[in-house]
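This document opens with one chain alone, in structure tokens, the form predicted on its own.
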């Protein structure tokens, strides 16, 4: 197992793409286990041969269409008008827009890229420092993969067998908790007079139109999750409905997308989906090789250390995922480690939904921490800001979010109450 881990780590460090690093490391494991190489091709196809994985392209496509269809500007207008009389209101609007946008994009990178362009221009004009504006955008962006519909939840459901409906519902509480953690930092800064009052212009046009448009946008995640809870359709079918609704809003209602734009959205979604499927296939090879080499037994023995101490197991799991999230792709980490961790979770009597949310949140925090924090580099490019000033301004938000992780470990109901209530 050590040689497999070392080979994968070396490949990542020298710049080999994540999917190829995982696949080649898995190939090393297969060779060490003295298994015929023909099994590799079989595993590559069986890894993605799942009805659940069919949902991934639909949600990616829906997010692409909604992101380009004038949705972002409407969400920003709604959040800005709701907070325009508060000190630090634009920072609150930044966080609120991230929460709303999370129900559409499901991606921290998409959140940072789309919202960063707007808030990194407007917030400095109002008196915010550029590092602070960037820090708020970065910190709130990790809400994107948590609040449903979440691509990470689909991956976890596919590799562990946990209900995707329950995972979607479980993400609401942790997502709101992360947003509240960010808002708490803004509140303390505002109380100490460090933040200006907003100078955001009122929404142009009737208020009722802004309200109607906001309701139309917010309806998308409600349609997806609500229909699944009522048993009207599966997660995959819900993805297809999301695409149809996104096209209707962007092309017919808002009229911000033509056929050329729609074609570009399809092409981008196809490329992103292909990347994810390649990652899934490669991670399947690596997971298979690690199981052949006995990692499942190793994890079970490690879990015995925490027998009758589930809280310490969750805290240790959080630390492990925080470390992994700093240098490993979040999807790859889920695909490799969740099938290994889940049996230990069940053995210790921990609710799989709570453990899944802790893994998702801690890995998402890894997206904004060096050395491989993808969201950091997106904002550095969008906002033309250096890493050190950004990290200095980001530190209080990271501390608040780590406190939120501890709260998730201590209070399982944050993750489990909504699924137990709506989907018993």
Partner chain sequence: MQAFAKRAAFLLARTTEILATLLLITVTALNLTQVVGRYAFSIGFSWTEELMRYLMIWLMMLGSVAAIYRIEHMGVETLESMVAPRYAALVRSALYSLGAIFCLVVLIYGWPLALRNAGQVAPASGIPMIYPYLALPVGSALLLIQIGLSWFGGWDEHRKSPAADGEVT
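All of these numbers come straight from a predicted model, not from anything done at the bench. Positions refer to the first chain, counted from 1.
From this point on, the text means the form predicted together with its partner chain, which you will not see here.
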Its partner chain contact at residue 27 in the predicted complex, heavy atom, 4.5 Å | yes
4.5 angstroms heavy atom contact with its partner chain in the predicted complex for residue 135 = no
Touches its partner chain in the predicted complex: residue 351 (any heavy atom, 4.5 Å) = no
Report yes if any heavy atom of residue 277 sits within 4.5 Å of a heavy atom of its partner chain in the predicted complex; otherwise report no.
-> yes
Contact segment among 85-93, 237-245, 177-185, 308-316, judged by heavy atoms lying within 4.5 Å of its partner chain in the predicted complex = 237-245
Proximity to its partner chain in the predicted complex, single hit among 322, 229, 344, 269 (heavy atom within 4.5 Å) = 269
Interface check vs its partner chain in the predicted complex: of 195, 152, 333, 224, the one with a heavy atom inside 4.5 Å is 152
For the three residues 12, 17 and 42, verify that every one has a non-hydrogen atom within 4.5 Å of its partner chain in the predicted complex; reply yes or no.
-> yes
Note that its partner chain is not shown here; using its position in the predicted complex, name the residues of 126-144 with a heavy atom within 4.5 Å of it, in sequence order.
-> none
